[in-house]
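We begin with a single chain expressed as structure tokens, specifically the form predicted alone.
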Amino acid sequence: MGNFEVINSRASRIDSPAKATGSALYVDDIKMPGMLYGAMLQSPVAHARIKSIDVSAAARLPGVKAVVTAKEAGLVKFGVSPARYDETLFCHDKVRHHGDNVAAVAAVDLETAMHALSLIQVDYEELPVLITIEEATAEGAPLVHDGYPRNICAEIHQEFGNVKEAFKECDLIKTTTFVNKRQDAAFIEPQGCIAHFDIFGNLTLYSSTQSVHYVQRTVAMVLGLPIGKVRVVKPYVGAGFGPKAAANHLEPAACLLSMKTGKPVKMNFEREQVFMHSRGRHQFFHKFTTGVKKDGTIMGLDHECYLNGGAYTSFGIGTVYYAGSLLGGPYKLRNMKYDGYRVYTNLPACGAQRGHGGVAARAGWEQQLDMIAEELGMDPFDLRQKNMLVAGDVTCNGLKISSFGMPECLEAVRSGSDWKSKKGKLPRGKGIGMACGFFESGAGYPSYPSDTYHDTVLVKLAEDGGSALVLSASAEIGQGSDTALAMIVAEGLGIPLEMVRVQSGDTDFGVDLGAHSSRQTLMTGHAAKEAAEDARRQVIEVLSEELKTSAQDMDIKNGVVKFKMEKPDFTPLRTRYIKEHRGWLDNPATDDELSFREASRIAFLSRGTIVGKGKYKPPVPGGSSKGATVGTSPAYGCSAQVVELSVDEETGKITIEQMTDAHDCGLAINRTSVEAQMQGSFSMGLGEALFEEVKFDSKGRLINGDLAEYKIPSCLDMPKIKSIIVESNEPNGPYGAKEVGEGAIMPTIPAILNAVYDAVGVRIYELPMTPERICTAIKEYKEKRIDAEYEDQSKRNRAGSSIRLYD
């Protein structure tokens, strides 16, 4: 891989001291002079026409400074993808889900704002409520949005190769279905923001977001402001997992209220509002038909999927594509047909959540592959290894595999879990299962048509040479991206990590598309590396001029300038350096070494402030088919997991006991962070597999919108974990690095599914695997087994009677 001074090691996160001491400022910690408090009026019904809105009583309430509706906000449509801009800041014609936004109030305190909301009179004409896909697509069903027959928001029809012909060559064709439930990301910090429109017409928005860039664009578009007049700042963020990757309605609403009042306005979601507006994971209905030869060669996949998307599109177009495209790897799938449908319903909208679009699809298909392996008499590992892609391959849907450590991942978890001594040999109630994962390292294109760079980074050297400041609009949301950038910059400059500072999450620092699609290490990392190397080049150029030494003969390692040839006399430069500082700085170098600090100071004296610039835009990726831009990426990560568990057949309780995980991250920038991402992904997948489900009643009202009723995993649910880092040296990544943030969740659910089958002999086709669902499956399995044994015994008895009669 290379000899590195900083990266590929274990580093403490640079934001840990602030978080551990409580000095980290989150949105709700920020207060401004004269700040007002905003609140949103949200629909009490799931589907209705708005006949009238009367805000007069609310506007007269003492302490209320502004009330805004669609009349003040206008009807500019927005969303994630311009192909489906279907939202307005406030509803004007009708509401489409329980909690849809109707109006907003700014007042001197939150209590007054909430009182004002209760005074707003809205006359609703209720309409039929569509909860399920069947209801929404039924003949004659009312339309959630005009112009979309049968409420189909988007439909995808793709075929690569010829599946029908491929099936003619198959010895086994198997069809199974798989259903998950809608899930919430359950981040600890609800969305919040503070907007301040100043006397110069500049708007500054502090927001709990994963992408300051996309929020900036949306706010500017909705409010009709030049982008240059809108600044978005991300303070510390209490996690995101995808739902904070796009603008939410709080942000433009707070901005509008600030523009109306001339005062800063703070707005926060309560937990129930998070469940209604966070745009979490869709509910998917998958049907897979896979054909194989008797030697295990996968010949083709016919895949159909329906998504319950809720009332608005959000990330939905990308989601319905990802549900199909990400099954193009990690196997040599020669023929693939995909029909995907995203359906509007009168539920809160769904969007992107960790493993965007691919988690349920991977779970269902990986379980089916295990079933095929069993019918063929093959070990699950052997089936997957036989069909595995290798570096240099291009999938049938045009995904270019530039590095691929999946064989190493498979071998690592097979040996690390002691698979051979356990598979098929554990007592009933104990099970072991495996699965594979595959995910992109950043979306190849922005969500809007543009030739913009995906990332720009600045590295500014301090005047005294004592530190390097990294300026980036990237989003540190708890995943450790600031630390990774600091390590990359330290490596690129050739200085110790402690000399690097990072300021991120501010549109004034440049362009960054945010923390989503597992993009920041590869994409922002590329720009950071280039910026560091640019700053380093400038320092060496000045030294070359001053010392009359070739720049090619100099290097910087661990904070010291290294000379490849004969060392020049740098005493005059050092004397100048000390003189400039008048003795108030200690000289960190020895007599025969020139420190980076001295060299950086000399460069400043020669050229002024040294600023390195970096940028990144991925090469044009992917194939030429319609929708090929979704799923294309500069690189792909892969992973394998083995899960060991026990199932109590009396209660249906599943206990995860051991997990062995291997992930190919190209090169681990911070080995500790890579392992943390692997473990965090497993925790999230465990919750979705066993107990997470957002529930609604028949009228579309949320019924478990809190973290007491919506259970997420705690440390008590986590098993022993063995995390194994595999490094394949990605040629398109900075120093060979690629993703680990989302791909690591892909194998978790199917590995658990396959382990449950190994333990008790039942296949589960619907998530979550609650105790009730497990008990029901076991009961049905036992009844079928008894019926089968009875039928078999009857056949033997009849055969015996016939023989005796014949004799």
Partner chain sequence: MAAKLVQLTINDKEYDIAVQANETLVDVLRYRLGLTGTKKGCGQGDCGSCTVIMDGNTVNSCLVLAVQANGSRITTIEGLESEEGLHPVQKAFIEHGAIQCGFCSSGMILSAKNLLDKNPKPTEGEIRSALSGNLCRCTGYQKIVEAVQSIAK
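Predicted, not measured: the structure shown is a model, and the values here were computed from it. Numbering follows the first chain given and starts at 1.
The following text describes the form predicted in complex with its partner chain, which does not appear among the structures shown.
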Next item on the list: Specify the contacting stretch among 414-422, 472-480, 660-668, 373-381, defined as having any heavy atom within 4.5 Å of its partner chain in the predicted bound form.
Entry: 472-480
Check: Pick from P568, G161, P407, G680: which residue has any heavy atom within 4.5 angstroms of its partner chain in the predicted bound form?
Finding: G680
Next item on the list: Please pick, from P713, G466, P235, P446, the one residue with any non-hydrogen atom lying within 4.5 angstroms of its partner chain in the predicted bound form.
Entry: P713
Checklist line | 4.5 angstroms heavy atom contact with its partner chain in the predicted bound form for A20 | finding: yes
Checklist line | Contact test in the predicted bound form: E780 vs its partner chain, heavy atoms, 4.5 Å | finding: no
Check: Does its partner chain come within 4.5 Å of any heavy atom of I199 in the predicted bound form?
Finding: no
Next item on the list: Indicate whether Y26 is a 4.5 Å heavy atom neighbour of its partner chain in the predicted bound form.
Entry: yes
Note to self: in the predicted bound form, does each of H157, L172 and Q367 have a heavy atom within 4.5 Å of its partner chain?
What the structure shows: no
Notebook entry, point to check: Even though the chain is shown alone, can you say which residues of 650-679 have a heavy atom within 4.5 Å of its partner chain in the predicted bound form?
Noted result: T672, E675, A676, Q677, Q679
